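One chain follows as structure tokens, the form predicted alone.
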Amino acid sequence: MPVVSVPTILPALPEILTVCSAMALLMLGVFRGEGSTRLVSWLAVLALVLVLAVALARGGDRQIGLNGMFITDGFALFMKVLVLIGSAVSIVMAMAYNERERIARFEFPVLVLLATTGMLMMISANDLISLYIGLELQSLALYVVAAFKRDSAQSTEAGLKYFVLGALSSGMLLYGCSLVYGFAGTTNFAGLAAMFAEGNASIGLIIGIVFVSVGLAFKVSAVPFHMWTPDVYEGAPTPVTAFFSVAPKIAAMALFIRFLVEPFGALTAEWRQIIWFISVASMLLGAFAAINQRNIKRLMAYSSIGHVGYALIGLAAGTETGIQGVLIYMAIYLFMNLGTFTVILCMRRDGRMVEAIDDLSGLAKTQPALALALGIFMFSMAGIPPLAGFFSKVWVFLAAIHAGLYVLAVIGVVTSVVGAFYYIRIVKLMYFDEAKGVFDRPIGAEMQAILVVSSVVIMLFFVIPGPLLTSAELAAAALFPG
């Protein structure tokens, strides 16, 4: 696909609009005070919808801007759509929760917008320098929102842990970037791709790739760099946990794919070993460590680690079909996770949040619609046909088989069976155990809308899978222009 010549800042128009919106809403919040929180939140959602429309209007043509440091193509467009949806829905989910918990401040949607700007830049990074700038812009905002409930010791601890471990991972990533630059003499992805097109690389460069991969594995919470995930998921405010579980993870996965496939596509045999190991380790830990969890947010943390392992199977394949599988997986994961965290946000008794898995006992008898929605998401995460989660796993497993990674595919299937235990246990609690109490009602019109849309997408995906499959195919093809 030919590269389109355009003015240098035009490819970054969605990012520019996002950061300008954040600045404008920050000024609006400052001048109008704390009473403007709901207005600023809805305007932030509107801004994200506008940015999504602009990104779609610009299309998926391959364009390079900012002196070769920024790229847009079909792959970037696909992942940006997912990130923008995740960020917008997370802001909507947070409004009522923040008001109830008395942490409704206009800075929250502004911080989400700034984090989203970093994510969009990560997805379009075409240079090691822009990669790092986007990653840090995202991370700095996320450190703050993790500790947004500042009167809570748990939330403050979550923010501090995320900051300290995030700084460590950033240092490793920077060290890896310096090694790559030292042994290659360039930081540009196109330059790196041309230099290593023959597949010859020094041991120093391989070590550099390993260190960068470590930093990115931390961001997607892949084992053995997952240690922050359960504590941060449990300690952060629930809408923040929902946000962490989708948008930053999708953006980091996109960056992981672009970093390995575009500049180092000819070195697949070298970096495949890294991805193979962290994929297997993530699937095993996600399957077994979640079994004894009693807190629903910690369960979702280990679940997310396992799902990252499944998605990395497609990256380990290193083929166009494998990348397509990752894209399909992340799109379906977005809806499964948003829906599940919406149900978790509805777990309130007498105005207080409850997070124990046992609190879901007998939910089908007291709130059958809520139980049905959570049942759909749990069965989908377990990979039960004909729900969407089944097809996402089948796609990455087939990609692994076609690439000759039979052991990886078998481990994926086995860990899926083990993981199904704790998903189906939740369904058993809801439908067969006695109710321990009734959750507060009503759940709110916004939450109902999110539940209905996500449930319908997951349940009826098999009826019209064409749009997602076609979009993912075109997006994956953008990384393999040859």
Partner chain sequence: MIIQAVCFYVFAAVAVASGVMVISARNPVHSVLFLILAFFNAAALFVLLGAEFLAMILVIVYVGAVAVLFLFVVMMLDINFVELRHGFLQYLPIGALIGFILFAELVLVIGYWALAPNIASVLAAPLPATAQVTNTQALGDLLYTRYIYAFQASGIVLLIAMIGAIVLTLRARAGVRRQDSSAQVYRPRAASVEIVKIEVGKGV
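Quick caveat: nothing in here was measured; it's all calculated off a predicted structure. Numbering follows the first chain given and starts at 1.
Not on display, but discussed next: the form predicted together with its partner chain.
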Could you check which residue among 459, 13, 474, 19 gets a heavy atom within 4.5 Å of its partner chain in the predicted complex? 19
Looking at 378, 305, 121, 158, which has any heavy atom no more than 4.5 Å from its partner chain in the predicted complex? 121
Is residue 151 close to its partner chain in the predicted complex, meaning a heavy atom pair under 4.5 Å apart or at it? yes
Spell out, yes or no, whether the shortest heavy atom distance between residue 101 and its partner chain in the predicted complex is within 4.5 Å. no
In the predicted complex, does residue 66 have a heavy atom within 4.5 Å of its partner chain? yes
Can you check whether residue 228 is within 4.5 Å of its partner chain in the predicted complex, heavy atom basis? no
Given 246-254, 288-296, 348-356, 111-119, the stretch touching its partner chain in the predicted complex at heavy atoms within 4.5 Å is 111-119
Does anything in 202-222 come within 4.5 Å of its partner chain in the predicted complex by heavy atoms, and if so which residues, in order? 203, 204, 207, 211
